[in-house]
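Next up: a single chain in C-alpha cells, the form predicted on its own.
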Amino acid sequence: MSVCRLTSIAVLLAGMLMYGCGKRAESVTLAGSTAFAPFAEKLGSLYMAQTPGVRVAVQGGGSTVGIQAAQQGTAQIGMADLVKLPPEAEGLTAVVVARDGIAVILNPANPVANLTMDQIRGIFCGTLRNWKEVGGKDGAITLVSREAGSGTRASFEQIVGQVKLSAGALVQDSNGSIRETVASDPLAIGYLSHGLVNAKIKAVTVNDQPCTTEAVMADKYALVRPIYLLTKGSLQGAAQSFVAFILSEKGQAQIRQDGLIPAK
C-alpha cells in the first residue's frame, strides 16, 4: 500500500475520532483523479491548518472512481479531470476548480524537442515506432500510457483525436508511475499533468507551443482539460466550506503556485 494511501486512510480515521473536549471532528472526503489528488491533499492541509476540527481525506483511483464515489455517496466530493463529463456524471453538480495542461514527456537524454499533434497520434496508435521517424535517433519508441478509466488518458485521447492505443504500450496506474517509467528509459514517451513535470523528465513542445501556464492561459497550448469537483446534491458544513476555500483567492493562488492553472 502506498504512503499516499496510508496517509489518506490515517487522516480519514483521525476525522472519525473525537476532537477536543467532546466535540466531534468533521470529515471531508474526496476521491477520484490521481492527477489532482496531490494538489487536493496540499489544499486540504492548508484548509485544516486554518480550520481546527476538520479533517480532509483524499484518495485517488481515477476520474471514473470519482464519478462513482460522488454518485454512490462513498465520498462527499468526486474529482474528475476530463475534457467532457460522461453520461455517468448526469445528476451531479460539477464545479471547475482548476485547469491542467497535459504535458507530453520524454527522457532528458532524448534530443527530440517538438512533436506535432499528428506525430503524437501516430506514436500512440503505433504507426510511428522509431524515434528516427520524428527527427530523433534510431531506436524503438517505448510507449507509456495511463490505464482505462483514467481522466488524463481519456482527455489526452479525446484532444489528440482518433487514438487507438497501441497494443505494445506499457500501461501505468498513476502520473507518478508514468514519470518514473519515462525517467528510467531514454526511449520512452508518456504524458501527465504539467504540474508534475520535474527535472527527471522533459516536456516537449506540441505544434511548437510549450506546456506552460502562460501558453495554456493564452489558449496556445492544445492539450488542456478542466479539473472538476463533483457532488450529489448541495454540500453543507465543512465540505461546502472546503470547496469555497479552493475557489477563494488563497486557494486559487495555491493552485497556480503548485503548477496548475486557476479556474478563474
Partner chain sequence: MRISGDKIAKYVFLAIACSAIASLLLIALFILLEGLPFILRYGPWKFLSTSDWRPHEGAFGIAPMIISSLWITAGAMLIGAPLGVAGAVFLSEFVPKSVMCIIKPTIELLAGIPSVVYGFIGVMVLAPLIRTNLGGPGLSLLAAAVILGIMVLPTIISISVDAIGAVPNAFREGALALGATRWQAVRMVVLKAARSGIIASIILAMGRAVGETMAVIMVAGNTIRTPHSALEPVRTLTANIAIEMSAATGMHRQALFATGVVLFVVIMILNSLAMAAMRRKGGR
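Since we're looking at a predicted model, the values are computed, not measured. Positions refer to the first chain, counted from 1.
Same protein, other form: the form predicted together with its partner chain, not shown, and the subject of what follows.
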property: Stretch in contact in the model of the complex with its partner chain, which is absent here, among 130-138, 185-193, 111-119, 92-100 (heavy atoms within 4.5 Å); result: 185-193
property: Non-hydrogen atom within 4.5 angstroms of its partner chain in the model of the complex for each of G61, G149 and A169; result: yes
property: 4.5 angstroms heavy atom contact with its partner chain in the model of the complex for V65; result: yes
property: Residue contact check: L165 to its partner chain in the model of the complex, 4.5 Å heavy atom; result: yes
property: 4.5 angstroms heavy atom contact with its partner chain in the model of the complex for Q71; result: no
property: Contacts with its partner chain in the model of the complex - residues in 81-97 whose heavy atoms fall within 4.5 Å; result: E88
